[in-house]
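Next comes just one chain, in C-alpha cells: the form predicted alone.
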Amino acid sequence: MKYDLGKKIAALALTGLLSGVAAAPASAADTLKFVSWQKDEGGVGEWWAEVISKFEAANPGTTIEWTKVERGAYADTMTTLFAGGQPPQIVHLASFEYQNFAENGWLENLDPWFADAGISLDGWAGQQICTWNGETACVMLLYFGFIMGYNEAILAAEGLEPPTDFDEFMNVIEKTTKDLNGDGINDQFGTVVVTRGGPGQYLTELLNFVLDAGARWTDSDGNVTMNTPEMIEGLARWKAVINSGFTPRDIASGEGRRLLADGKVALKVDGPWLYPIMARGPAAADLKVTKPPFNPPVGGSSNVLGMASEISDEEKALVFEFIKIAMSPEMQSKYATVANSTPPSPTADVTGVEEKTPHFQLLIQTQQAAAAAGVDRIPTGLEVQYGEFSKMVMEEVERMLIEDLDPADVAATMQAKAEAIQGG
C-alpha cells in the first residue's frame, strides 16, 4: 500500500509543517540537504555533527544543510518533501517508516554502490531489515536493546531497589509518585511513558508492556495476533500505569528523558540514547542504569540512512561518500563512545569503550536479549502499513484510557481493524 499523497500534501499545507524545512529546489551539488529529528539529541546529535564535519573536510566546497524536524511530524514532512520533488539528498528515516518511501521508488538501490566500492554488509546488525523488494534500500544505523535509567536517591529514600519484574516495577512507581510540596499535585513521578508524539514512538513505549505480558502484534508468519489473553494483559498494565497517575500525561520523548535527567521521576525505560541525556542533567550524580524490568526487552532496529533516488548522479556520488563516512571504522567506534549506542558494524573497534560508556556491556546484553527473542518494533506482515497500523493502535488505546474501556474489548477491536488494514 502506498501513501495517499494528495491527502497528505493538502493536510500538511494547512498545518504548515514544512515551514523552515526547505522550499527551494536542491539541484546544486555544493549543498546537500539532511533532515533529522536527532539534531539536538545528546550523544547521537554530536555523532552526526562529527560525520558532517568529516564529510565537509573531505569534500571542500560542499556543505550539509542540516535541518531538524520533530519526531511527531517527521514521516509526514518527509513524505511531502519527496512527493513535491524536493527530497533531502541524504535520507534519514526511522526503520519502521522507510518501507513506504522504498515502495514509492523514492530510495536509491544501494547494491550497485556497495558493489562498486567493494563494501560488504555481511554481519552488519539488522541490515536484513533494509532489504525491500530484493534491493538494499538503506543502511541500518542501530539495532538496540532497551535499558532502564533510575534515580538511586529517590529509590533509597523509600527503601527500594531497582525493579526486576513487572510487579516490582508497579510497587516502585507507586511508592515514588509523590506530592512533595503539599499542594495536592504530584511533582515527582514513579516513571514516565511517552504519550505525545508520533504513533511509532507511542507503540514503542506500549511494546514494553505488551512483550512482557507475552503478546505480539503479529506472529512470525505475519498473522495478526492481538485478540489474545496476553495482549489484554499488556493493555491492562498500560492502563494501570497511566490512569493511576504514576506517569505525567501528554509527554513527548525528549521531555520524558529530561524529567529523569532533572530528578523528577524515579525511573525510565528507554533506548541507549537515554544515557547521555542523563549524564548531562542536574540529577546526574544520582542516576544509574540497569536492565529493564520487562522480559524480553524492547529492541530491534531504530533508524536508517539512505539516499534519494530522484537526484543527480553528482549528488548521489556525494551522498554515498557521506554514507561511507558514517560506516567507517572510526565513526562506528565513535557510535559507541559518542552516541553511547551499540554500533552495527561487526568490525567496529570498541576497545576502551567502557572508559567513556561504563554500561556498554549492559547495552550488548539487552541488544542480544532482544535479538534472541526476535523482537523488532516493526511487526512482520505490516511493514508497509505500519504508519496506518500504529495510528490505529494509538487511537484505540487512547480511547481505552479516556473512556475507561475494557482492555478485552479494545483488543478485539484492534484485531479486526488490523486485519482490515493488512488486507486492504
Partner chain sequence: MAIPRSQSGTTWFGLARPSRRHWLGYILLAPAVILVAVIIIYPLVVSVDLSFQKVGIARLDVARKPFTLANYEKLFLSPEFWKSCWITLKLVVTVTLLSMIVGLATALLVNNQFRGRTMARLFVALPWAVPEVIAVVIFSRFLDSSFGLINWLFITLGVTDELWGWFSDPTLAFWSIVMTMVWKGYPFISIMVLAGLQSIPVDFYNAAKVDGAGVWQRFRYITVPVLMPVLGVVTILVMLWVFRDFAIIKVLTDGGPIKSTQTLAILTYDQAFGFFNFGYASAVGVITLLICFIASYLMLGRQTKSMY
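Worth saying up front: this structure is predicted, and the values here are computed from it rather than measured. Take the two forms, superpose them, and find the largest set of C-alpha atoms that agree within 1.5 Å; that set is the rigid core. Residue numbers count along the first chain shown, from 1.
One more form of this protein, predicted together with its partner chain, exists but is not displayed; see below.
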Report task. Spell it out for me: taking its partner chain in the predicted bound form, does every residue among Trp48, Val269 and Val338 have a heavy atom no farther than 4.5 Å from it? Result -> no
Query - Option touching its partner chain, based on a heavy atom within 4.5 Å in the predicted bound form, out of Ile129, Leu203, Val194, Leu259 - result: Leu259
Query - Listed residue (Asp165, Glu255, Glu330, Glu135) with a non-hydrogen atom within 4.5 angstroms of its partner chain in the predicted bound form - result: Glu255
Query raised in the report: Heavy atoms within 4.5 Å of its partner chain in the predicted bound form: does Glu70 have any?
Result: no
Requested in this report: With heavy atoms only and a cut-off of 4.5 Å, decide whether Asn104 touches its partner chain in the predicted bound form.
Outcome: yes
Query raised in the report: Ser302: heavy atom within 4.5 Å of its partner chain in the predicted bound form?
Result: no
Query raised in the report: Any of the heavy atoms of Ile232 lying within 4.5 Å of its partner chain in the predicted bound form?
Result: no
**Report entry** Region of this chain that lies against its partner chain in the predicted bound form, out of 352-360, 365-373, 385-393, 60-68 [heavy atom, 4.5 Å]
**Finding:** 385-393
Query raised in the report: Quick one: which residues from 80-111 get a non-hydrogen atom within 4.5 Å of its partner chain in the predicted bound form?
Result: Thr80, Ala83, Asn100, Asn104, Trp106
**Report entry** Core-superposed comparison between this form and the one not shown, Gly84 Cα displacement 2 Å or beyond
**Finding:** yes
Query - Core-aligned C-alpha movement of Ile311 between this form and the one not shown, 2 Å or more - result: yes
